[in-house]
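First come two forms of one protein chain, each written alone as structure tokens, so that there is a structure 1 and a structure 2.
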Structure 1
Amino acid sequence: MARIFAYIVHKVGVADDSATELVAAAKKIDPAASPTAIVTGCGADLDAVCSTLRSSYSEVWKIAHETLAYPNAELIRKALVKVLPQGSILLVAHEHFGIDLAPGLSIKLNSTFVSDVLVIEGVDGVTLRVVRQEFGGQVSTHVRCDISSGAVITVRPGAFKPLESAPASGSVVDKSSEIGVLVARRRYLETVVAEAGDVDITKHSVLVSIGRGIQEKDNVAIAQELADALGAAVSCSRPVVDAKWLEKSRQVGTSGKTVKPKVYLACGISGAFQHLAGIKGNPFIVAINKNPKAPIFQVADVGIVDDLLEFLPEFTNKVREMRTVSAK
């Protein structure tokens, strides 16, 4: 079996939650695999991430370079081509950076590319069997691909639960000297922080999140009533913002905010990867959707197939009833 690597995204010295999920994905490809983490960047933040990853990976490859202070996919592709062994399998989280990095990298490595993988069924010889979704998640596609020359695979965040195993005690290997000179045609300018709204959804441990299934602006009040009863906040997916039913500061996803609640109620949300990529920390996800084939059920801990406009008011009344009883 080819050697398996995982490219780890990090920010301010903290590894993305997908770091442990990629270990689980690697084990689905090869149960005996001991994947190697690859981290790029510079300075103390890079060292901090490498140190943290030693508890999940037996080996961590560190690539330090001042031009990698901001994750530029063009530069990182050039660095990875120089350090990855021929025929390697590289796993990357399927979020905005991974989507930028992975396709071009597979071309440079002359290897197979598979995107947005939800399920890894296993390997038959040199054939990898995976499941991904198409047509907005309405169709699950079973894909067979030849990995004899290696593969670059993007894995949907949240699709693979972190394994409960004894912590590793990995070593950090500095690969910085192997990448040579890095020059890119694009460069980092600045980070524009989104304006804060009336409610900071990143600070709440419980979120009632609504999607297109809420149907119209007046129905947002139904979700707000449930949120008030739970002591939660209302968040949303992009269609709700596009329809101007809620402000941009309430949006969860790749083009919105990243949240780490303990409980996430997905109400009328299909579960596209752009939305799920904004949910971190492996919260307890409750999905309510009248479409039993909605992709959100693939990652939900509890799935409820029902009309949310009928279900939410009943749920709200039950929460209020329970709170009244507990207060007596």
Structure 2
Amino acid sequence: MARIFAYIVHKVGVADDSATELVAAAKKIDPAASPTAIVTGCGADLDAVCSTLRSSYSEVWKIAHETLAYPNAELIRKALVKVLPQGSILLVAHEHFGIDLAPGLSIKLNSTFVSDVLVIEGVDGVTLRVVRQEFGGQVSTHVRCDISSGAVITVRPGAFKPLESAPASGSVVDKSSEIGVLVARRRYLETVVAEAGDVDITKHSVLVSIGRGIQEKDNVAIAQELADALGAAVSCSRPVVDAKWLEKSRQVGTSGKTVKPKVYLACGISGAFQHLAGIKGNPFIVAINKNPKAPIFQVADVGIVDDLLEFLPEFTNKVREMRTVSAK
């Protein structure tokens, strides 16, 4: 079996949650595997990450260089091509960095690329069997991959549960001298932090969240009225922001905000993983969707198949009625 590596994303000296998830994924490929972590960066932050990774990986490859202070996928790709043995399997989280790095890396390594893997069923000979999703999670597929010349695999964040038993203290191997001079044709300039909006959805305990099912800008008022009646705030999925119906600061998900409400009303939201990843703290999730097969019903606590444009106003009236009764 090919040697398995995990590229670890990190920020300000802290390894990403995927660090331990990738160990679990590696064990699904080969239960006997002892995957090697690879980290790039520089300075004290890099050393801090290496030392935490020693508790979950038996070997940590460290690539330190000033040009790698910011994770520029083009430079990191070039470094990985230099250090990875031929035929290796490399795992990386399927998020903004992995999406940037992995497809091109697989071409340069002449290995197979497998994207956004949710389940790894195992390996038969040189065939890796995995499960992926298509159409925003509405259907899954079994996929067979020829990994005879190695593989680059992006793994969906959160799909693999970290193992209980972690190996004790791994060793750090400094590979910095092997990467040579790296030149990029894409240069990192700066990071622009998202603007704070009018409403901070992360502070609300009840969210009325709307998706593409709200259909047009004028209908946003329907959700706002319900939110007002409940004492909640309106949040949304990405298409609502893309269409400029609500501000970016209202978006829940990987490229938006992470929220921790007590109650989350998902109205006309299909339940794509990038959206669900922004809902933390195990809230009570209510899904209102006209498609009984929408993936949101698999994660919701309560589901209602209905047209939200009719359901929400009636629900709002009922909430108001109840308020007046209890005020008397």
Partner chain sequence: MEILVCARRVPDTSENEIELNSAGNDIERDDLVYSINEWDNYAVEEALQIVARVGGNVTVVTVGGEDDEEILRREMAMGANHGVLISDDAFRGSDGRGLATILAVFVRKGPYDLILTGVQAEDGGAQVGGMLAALLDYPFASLVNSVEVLDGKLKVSREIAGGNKEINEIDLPCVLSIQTGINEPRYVGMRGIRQVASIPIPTPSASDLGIDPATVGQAAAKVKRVDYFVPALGKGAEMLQGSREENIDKLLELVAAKGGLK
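Every value quoted in this text rests on a predicted model; they were computed, and no experiment measured them. All residue numbers here refer to structure 1's sequence, counted from 1. In this text, rigid core is short for the largest set of C-alphas that superpose within 1.5 Å between two forms.
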Report task. Can you spot the form predicted in complex with the partner chain among structures 1 and 2? Result -> 2
Query raised in the report: Quick one: once the rigid core is lined up, does residue 247 have its C-alpha move by 2 Å or more between structures 1 and 2?
Result: yes
Report task. Examine residue 128 after superposing the rigid core and state whether its CA is displaced by 2 Å or more between structures 1 and 2. Result -> no
Query raised in the report: Once you line up the core, how about residue 204: does its CA shift reach 2 Å between structures 1 and 2?
Result: yes
Query raised in the report: Hey, core superposed, how many Å does residue 257 shift at the CA between structures 1 and 2?
Result: 3.5
Query raised in the report: By how many angstrom does residue 319 shift at its CA between structures 1 and 2 when the core is held fixed?
Result: 16.1
